[in-house]
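Next up: a single chain in structure tokens, the form predicted on its own.
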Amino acid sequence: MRSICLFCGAAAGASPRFAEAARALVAELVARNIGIVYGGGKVGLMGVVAETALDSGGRIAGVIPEHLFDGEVAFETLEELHVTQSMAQRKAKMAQLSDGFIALPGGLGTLEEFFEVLSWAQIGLHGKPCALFNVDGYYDRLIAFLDHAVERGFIVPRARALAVVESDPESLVARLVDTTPAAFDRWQSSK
């Protein structure tokens, strides 16, 4: 695995634990010589991710849409910073540069990015692992909802299993490195 995309927000969250966990995750990726792809920002958890990667000698690529770059939230000193015309192009570029995806705690944008790549995996557009970094139970209710959707027949169990969930950075990265999602045919089976 050459690089993992970290979806994370422009906010740091209400607890310092979120930034600490982001730093620990980046340290684990750098220790394994896995590059990082992220949203290109310098604020919130995005800024924490970028600063930690740079301070520890890691490889990091930012991808930011032009309207956010112009809004002065871009981490302009990155060696690799891709500026796109739209959010859709940003997500496509991030996916192209990545061998897997991890959603750190975040807001609407983080959730939207994660569910897009998860749904792409469900319909067979890629075979890259997708994970939720469940720091301090942040995603507990979302995980419960996914399980509820399985119970109610809107998500098949095989699709639900595509979402890896871990709360420990070392275990999370190990699972993604060791995971090769099987080709998934949404229409093949309801199991």
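All values derive from a computational prediction rather than experimental measurement. One-based numbering along the sequence shown.
Just so you know, the form predicted in complex with adenosine monophosphate (AMP) exists too; it's not on screen, but the next bit is about it.
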Handout entry: Full three-residue contact with adenosine monophosphate (AMP) in the predicted complex, heavy atom 4.5 Å, for Gly9, Arg90 and Glu112
Key = yes
Exercise for the section: Consider Gly106 of the chain shown here, and say whether it contacts adenosine monophosphate (AMP) in the predicted complex, taking contact as heavy atoms within 4.5 Å. Expected result: yes
Exercise for the section: Find out whether any non-hydrogen atom of Ile143 is located within 4.5 angstroms of adenosine monophosphate (AMP) in the predicted complex, and reply yes or no. Expected result: no
Problem - Partner proximity in the predicted complex: Met46 to adenosine monophosphate (AMP), non-hydrogen atom cutoff 4.5 Å - result: yes
Practice task
Report yes if any heavy atom of Leu68 sits within 4.5 Å of a heavy atom of adenosine monophosphate (AMP) in the predicted complex; otherwise report no.
Solution key: yes
